[in-house]
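Only one chain comes next, encoded as structure tokens, the form predicted alone.
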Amino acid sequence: MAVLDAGQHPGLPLVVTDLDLRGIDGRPLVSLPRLNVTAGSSLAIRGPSGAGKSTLLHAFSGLVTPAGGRVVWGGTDIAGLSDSARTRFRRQNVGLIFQDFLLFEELGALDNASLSAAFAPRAERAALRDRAASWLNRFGLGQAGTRRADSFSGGERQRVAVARALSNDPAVILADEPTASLDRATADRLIDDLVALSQDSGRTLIVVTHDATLATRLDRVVTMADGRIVEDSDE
């Protein structure tokens, strides 16, 4: 994958206060008194399995509803929004990259990368599909055509997933273990692209990762344990 020249894009700042995340049984999962992330910066969240990293990332995206506290993106407290309003905010502002790709195996690269067009207002669908095609081209998959996703390598599948996350031209990119299933060379190329998306285009990037190489490339690293941030490279 070549490093992208994506143009400038305004990221969003994140301010989290008194965040309380709990399981369906009421068990405490994450407690975060305060976290500020500057617009256009990049943050790695590290820690052992079960520390609450993915749960925290899902709260940042609005996929998890907090028991208490605020998650404010650029002035919008998504913790206080209705489910439908959070979905709309996510569609308009956030690109999500998951560890297991979540591709539809029977669909080709472009249909997977432009999947959000199926849920967007009709007037926005063509632009979403065009952006998805553009990102696939940048990632070297423009010639994939109608090849089914189940024929792709791990690196190709991750590139399709990243193109899908970027198809809505997001101000924020949230990635959960994006390099976990990739060999070192492919992971390093993906890291180059993620870093470029933040540094060159101004998007805010937050990544949950066990990959020390990825973490050290980002502006800031926080470490979690037992649902709390126990170390912050900014402090």
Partner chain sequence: MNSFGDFWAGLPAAAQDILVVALLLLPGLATGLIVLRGYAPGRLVRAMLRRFSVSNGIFVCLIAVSVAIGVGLTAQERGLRQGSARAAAAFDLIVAAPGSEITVMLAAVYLQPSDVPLLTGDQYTQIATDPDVTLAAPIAFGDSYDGAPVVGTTADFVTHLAGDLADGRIFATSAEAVAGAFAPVALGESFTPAHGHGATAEDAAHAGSSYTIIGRMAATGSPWDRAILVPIEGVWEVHGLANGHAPAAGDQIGPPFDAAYFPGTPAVLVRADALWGSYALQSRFTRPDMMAFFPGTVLAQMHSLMRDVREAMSLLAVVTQVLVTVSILAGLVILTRIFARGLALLRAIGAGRRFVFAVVWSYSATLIAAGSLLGLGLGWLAAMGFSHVITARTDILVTASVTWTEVQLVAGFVSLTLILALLPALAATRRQLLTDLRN
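Residue numbers count along the first chain shown, from 1. Being a predicted model, the structure only gives us computed values, none of them experimental.
There is another form of the same protein, the form predicted in complex with its partner chain; it is not shown, and what comes next is about it.
- Checked against its partner chain in the predicted bound form, the residues A39, L35, V64, A180 give one hit for a heavy atom within 4.5 Å, which is V64.
- Contact with its partner chain in the predicted bound form, defined as a heavy atom within 4.5 Å, holds for exactly one of A133, A149, A79, L115, namely L115.
- Judged by heavy atoms within 4.5 Å of its partner chain in the predicted bound form, the contact stretch among the candidates 116-124, 133-141, 70-78, 152-160 is 116-124.
- Of the heavy atoms in S201, none are within 4.5 Å of its partner chain in the predicted bound form.
- Though the partner is left out of this view, A85 does not reach within 4.5 Å of its partner chain in the predicted bound form, counting heavy atoms only.
- Contact check for T55: a heavy atom falls within 4.5 Å of its partner chain in the predicted bound form.
- Taking a 4.5 Å heavy atom cutoff to its partner chain in the predicted bound form, the contacting residues in 83-114 are D83, T87, R90, R91, L96, F98, D100, L102, F104, E106, L107, D111.
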